[in-house]
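Heads up, the chain below is alone and in the form predicted on its own; it's given as structure tokens.
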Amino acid sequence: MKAVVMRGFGGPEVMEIAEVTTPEPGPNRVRVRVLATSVNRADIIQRQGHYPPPPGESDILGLEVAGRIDALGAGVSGWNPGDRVMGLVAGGGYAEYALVYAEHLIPIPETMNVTTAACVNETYITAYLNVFMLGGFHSGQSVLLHGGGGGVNTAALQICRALVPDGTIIVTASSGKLERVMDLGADLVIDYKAQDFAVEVRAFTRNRGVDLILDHIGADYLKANMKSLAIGGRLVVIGVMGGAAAPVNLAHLLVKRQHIIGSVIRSRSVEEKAAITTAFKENVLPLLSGRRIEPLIHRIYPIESVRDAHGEMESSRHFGKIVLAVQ
């Protein structure tokens, strides 16, 4: 099969298209004929050599797929060859065929095309897991989402507005994206390059702070994030683009009764991912099926242009998802 392979670690130039062995589905897995996949920030980090796949998983890039079931492994029931599906994978998405655990599959709604389906799993499941299942966001609360133009945060903004209509949503974004983020339903958008977001959050909340923060920056934002949290607030860290190590003011943490939660999906067990997928199908998939929320596609590249797609993401010019069309 055709797949994107890496000749070492580094910039986009280490990737190329090559012929590799088509994988065979083992027990409880299906083989999906991939029609589209998406570029995620984790793919960039893996390409640079800092985010290896879990043991036993494909070292081909790609964390989500959309397409049709091609073959069933032993013990799989409830699915048939030809079914339109999307799903999370721990690796292998940048290829014509990928293996997916049956319990991680989601049927593609009739109202959704395959290209859009390729944008759902990594970003919308990540957003739902961390904002709702771990972050506990609920009616009357406030949330701060960092990086308003990225896939996870546009997804989080949409889900928050749909599931918690009376919630307060504050987003940080760059100057060229402020109006588009506001149009998605944010109550306040902060230009993180020109404004101190901690000062703006405290002012907007009348010095109370927010109940929840979703952050992918890490160390560089830790101090300001803690200043932005309300008493009993939760900081969910899903990335470390701004560094992994930072001092923590434990006295502040204790007095404010704040929580810092670290979270990734990729390294979780098959059973954990299945439970997360089930909760997502119950609570968010109906919103997607009914088109109450809709993934935002920045640009679609043919998989042969994967280097350009990675360059686009690294430039941070994108707003929404970058898709790779495999067919």
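Remember, it's a predicted structure, so these values are computed and weren't measured experimentally. Residues carry their position along the shown sequence, with the first being 1.
The form predicted together with a small molecule exists for this protein as well; it is not shown, and the discussion that follows is about that form.
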(request) Look up in the predicted bound form whether residue 146 has a non-hydrogen atom within 4.5 angstroms of the small molecule, and give yes or no. (result) yes
(request) Find out whether any non-hydrogen atom of residue 177 is located within 4.5 angstroms of the small molecule in the predicted bound form, and reply yes or no. (result) yes
(request) Answer yes if any heavy atom of residue 102 is within 4.5 Å of a heavy atom of the small molecule in the predicted bound form; otherwise answer no. (result) no
(message) Does any part of residue 217 reach within 4.5 Å of the small molecule in the predicted bound form? Heavy atoms only, please.
(response) yes
(message) Within 4.5 angstroms, counting heavy atoms, which one of the listed stretches 290-298, 29-37, 263-271, 276-284 is next to the small molecule in the predicted bound form?
(response) 263-271
(message) Using a 4.5 Å heavy atom cut-off, which residue among 167, 239, 91, 109 comes into contact with the small molecule in the predicted bound form?
(response) 239
